[in-house]
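Here you get one chain, nothing else, as C-alpha cells; it is the form predicted alone.
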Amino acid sequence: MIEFKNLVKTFGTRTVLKGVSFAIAQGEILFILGTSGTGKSVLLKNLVGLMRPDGGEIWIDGEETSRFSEDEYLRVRRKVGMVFQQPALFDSFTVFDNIAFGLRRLEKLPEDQIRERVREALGAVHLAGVEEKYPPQLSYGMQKRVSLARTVALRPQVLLFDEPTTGLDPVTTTAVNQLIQELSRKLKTTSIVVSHDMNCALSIADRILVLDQGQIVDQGTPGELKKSQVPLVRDFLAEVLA
C-alpha cells in the first residue's frame, strides 16, 4: 500500500502540489493524467526521494518515508523501479551489460545468476536474443523495452513509469502499453504510470487520477471517467472518443 497524505511541493513562489491525497492498493495499475506542469512527475520523484515534500506525508508499507534520511531511502529504492521518459542506456555497453549493471552494482550476484536474470528480463519484454547488440543498433522502441528489462531484472515491488510512450509511433505505443499491463499482472507489481495519454489509460488502468493545477480534479475507474463531467477530463476524452 502506498499513500500520499496532503502532499505539498513548492518551487520558489510556485506551489506545484497543493495538498494532494490518494492511496494505491497493492497490485493496482494507477494512471496519473494531466497537462504539462501539473505535478505528475513531481509526485513520482517525491515517492522515491529524488525530491522532498514541503508538507504532508508519504506512506509505503506502513512506514512514513518522506522524512527518511538518504541511507533509509535506500530501502525504499530497492522496492521501487522507475522507468524514465528516455531509455538512458549506456551506448558503449551491450544490452546484456546494460541490464546486468544494476545486478552487479546493487545485488552483487554471481555471473551465472546475472545471466539468468538478464535472460528472464529480456524474455519478459519479448526481446530474447539481443544480448550482444548495442543500443544504437536497436530501434527507439526496442531501447525503451531494454530500459524496462533493466528495471524488472531487479524485481521491484513497485514500477513507476514517467511518460513511457513519449516519442513512440502509435504501433509501438500500443505495444508498450500492453507490455506495462502484462508485466504488472505477471510480476504482481503495483504500477504507477504518469501520462497524458487518455487512450492508454482507458485501455489498461485499474484506476485513473486526473491532476490539474496541483490538485486532483477527478479519479475513478476507466468506466467512471468516461462519464465524467469535469471539463479537463472531457477534453482528454474528446481526443479518444470522437
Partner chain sequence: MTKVASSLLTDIGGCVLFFKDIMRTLIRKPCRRVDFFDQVWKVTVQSVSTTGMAGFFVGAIMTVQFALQMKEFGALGFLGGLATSATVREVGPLLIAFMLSGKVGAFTSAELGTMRVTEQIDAIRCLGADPLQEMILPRFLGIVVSSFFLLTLGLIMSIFGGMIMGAAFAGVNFEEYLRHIPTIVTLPSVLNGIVKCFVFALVLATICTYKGFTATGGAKGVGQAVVKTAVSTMVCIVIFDWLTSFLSDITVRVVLGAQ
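All values derive from a computational prediction rather than experimental measurement. Numbering follows the first chain given and starts at 1.
The next section is about a form of this same protein that is not shown, the form predicted together with the partner chain.
Even though the partner chain is not shown here, does it sit in the predicted bound form so that 45, 74 and 77 each have a heavy atom within 4.5 Å? The answer is yes; 45, 74 and 77 each reach the partner chain.
Given a 4.5 Å cut-off on heavy atoms, tell me which of 124-132, 110-118, 150-158, 168-176 is the interface stretch with the partner chain in the predicted bound form. Looking at the other structure, the answer is 150-158.
Would residue 49 count as touching the partner chain in the predicted bound form under a 4.5 Å heavy atom rule? So residue 49 counts as contacting the partner chain.
Going by a heavy atom distance of 4.5 Å, is residue 70 a contact of the partner chain in the predicted bound form? Within the cut-off, so yes.
Would you please decide whether residue 85 lies within 4.5 angstroms of the partner chain in the predicted bound form, comparing each non-hydrogen atom pair? Output for residue 85 is yes: heavy atoms within 4.5 Å of the partner chain.
May I ask you to state whether residue 142 is within 4.5 Å of the partner chain in the predicted bound form, using heavy atom distances? Answer no; every heavy atom of residue 142 is more than 4.5 Å from the partner chain in the predicted bound form.
Considering only 1-28, what residues come within 4.5 Å of the partner chain in the predicted bound form, judged by heavy atoms? Going through 1-28 in order - heavy atoms within 4.5 Å of the partner chain in the predicted bound form - there are no hits.
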